[in-house]
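One chain comes next, on its own, written as structure tokens: the form predicted alone.
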């Protein structure tokens, strides 16, 4: 497989930097091709501004979505953005690796998404009608590819549990997994999360590194998070509301958008669709 790792930590000697190196070595040992976009090392420009659209007259009002559409269609996106889009098209798997800062990704990585996920490439794709609402959430330019997160967090795993004060880690990462990766079509794998990032001793690091090697060995076979496809019939169009009765009893919020109920296999046998948390716990 071809794997792109987009790394977002300012210190190469950090836990993030060390885990990135572990992932690269593990993947290359299996014969995979690996490319790394180290955003800090590249000096990535994170803000969207007029300079991103060279063909836009300097006196013109900047409407980012419209400017992105025009630039993508005319091939006038900046060279750094074009290079990252080429990498995404090349890769079978995208890995975003970052520290959890203030319950989200670092600004430099958010800026990578803002600039690289251009209109006409990652969004604004497909027809809008009474039967479809664009090619998104399970469809789109990047459909058929896989993606996952490698995340470090300073808090304890218990802090990010269902009753933890920080909120469940799956809920915190939902906007990235579902809204950034699944939206343009990726099959999103459960995240790999390393907790107590600033308190690890050597034994703790080695245990996490071995878990990560295990995840890299199963990159092609780990079941993705079972998010619902937008255009599969589960949602009413154009309101995009989940049809009544499809959710598990008591499910609400983000949990509505993953299939977790019992499903029937083609042979008629009942098979339980594991919840996102179950899959993450089994594979992280």
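If you superpose the two forms and keep the largest set of C-alpha atoms that fall within 1.5 Å, you have the rigid core. Positions refer to the first chain, counted from 1. Given the structure is predicted, the values throughout are model-derived calculations rather than measurements.
Only in words, not in the display: the form predicted together with another copy of the chain, which the text now covers.
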Counting only non-hydrogen atoms, the one stretch of 204-212, 77-85, 145-153, 166-174 within 4.5 angstroms of another copy of the chain in the model of the complex is 166-174
task = Kindly confirm or deny that 1, 41 and 127 each have some heavy atom within 4.5 angstroms of another copy of the chain in the model of the complex.
result = no
Mark residue 89 yes when one of its heavy atoms lies within 4.5 Å of a heavy atom of another copy of the chain in the model of the complex, and no otherwise.
no
(request) Give a yes or no for residue 20: in the model of the complex, does one of its heavy atoms lie within 4.5 Å of a heavy atom belonging to another copy of the chain? (result) no
> Looking at the partner-bound form in the model of the complex, is residue 111 within 4.5 Å of another copy of the chain by any heavy atom?
Replying inline: yes
Exercise for review: Answer for residue 240 alone: is it within 4.5 Å of another copy of the chain in the model of the complex, judged on heavy atom distances?
Suggested key: yes
Across 84-113, the residues having a non-hydrogen atom within 4.5 Å of another copy of the chain in the model of the complex turn out to be 101, 102, 103, 104, 105, 106, 107, 108, 110, 111, 113
Query raised in the report: Do you see a C-alpha shift of 2 Å or more at residue 130 between this form and the one not shown, with the core held fixed?
Result: yes
